[in-house]
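Just the one chain here, laid out as structure tokens, in the form predicted alone.
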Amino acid sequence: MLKENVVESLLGETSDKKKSRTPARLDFLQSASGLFLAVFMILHMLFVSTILISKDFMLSVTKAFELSFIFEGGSSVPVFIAISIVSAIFIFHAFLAMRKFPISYRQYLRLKTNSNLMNHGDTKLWIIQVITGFALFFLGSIHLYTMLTNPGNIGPYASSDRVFSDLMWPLYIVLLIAVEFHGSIGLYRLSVKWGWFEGEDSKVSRKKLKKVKIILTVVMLTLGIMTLLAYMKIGYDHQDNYGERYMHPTEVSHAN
């Protein structure tokens, strides 16, 4: 908790606020919502990366999310509900996180100056998380709005057309970088703050957690870049047939 107290003191938090139970409760909700979003993003990455296996496999996973085993051909309603829930938690988490953002240029300069003087690694990670979080608020909102308004527009061709033909790939590149850095740092800070995986020597535990954070960032960024390139390649090859939906070979045979 020392790191949290350092950040709060640099931003000018008052002792009266610390005496209240409300900040502690809000911290817990921020941590819980952040953990949910971090786990969701890992699972989301695993889902979108199924395109690296095959178009058919990606389509089968998409149909599973659309509950095709209940609704014939699948339905976009379950996807819309899931995206709505994630969007609500995303906004809620952003609202809670903004409490600790530097709200004035003076606070920013104070934080930056003291961080450089102390050379405190975890505080610098927090600053990176603030910057990426600020970017995510806008980039993530655009992506979530796009998916909310087009919940059925998911699939090998539909997703690839959105990435390439709809020129969403620049946004997704920046979004990918922001998400992976923000998420991995967030998981590290949660582990430190709540004492998860803490051994007898906290310094040794923290070093190990930082290594895990770096590995997670590298793995997820690599997987994300490979996945984005795959969608761009499919979108490039499919641009002349923009809007056409991908069909499983069995669906094609039945249609014929």
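Since we're looking at a predicted model, the values are computed, not measured. Numbers follow the displayed sequence, beginning with 1.
As for the form predicted together with ligand HEM, it is not shown, yet the points below apply to it.
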item	value
Residue stretch of 206-214, 223-231, 22-30, 190-198 approaching ligand HEM in the predicted bound form, non-hydrogen atom distance within 4.5 Å	223-231
Ligand HEM contact in the predicted bound form: I154, any heavy atom under 4.5 Å	yes
Proximity of F40 to ligand HEM in the predicted bound form, heavy atoms at 4.5 Å	yes
Contact of W126 with ligand HEM in the predicted bound form (heavy atom, 4.5 Å)	no
S159, heavy atom within 4.5 angstroms of ligand HEM in the predicted bound form	yes
L136, M147 and L176 each touching ligand HEM in the predicted bound form (heavy atom, 4.5 Å)	yes
Candidate from V130, V86, A94, I185 lying within 4.5 Å of ligand HEM in the predicted bound form - any heavy atom	V86
Partner contacts in the predicted bound form for 33-64 (non-hydrogen atom within 4.5 angstroms of ligand HEM)	F40, M41, H44, M45, V48
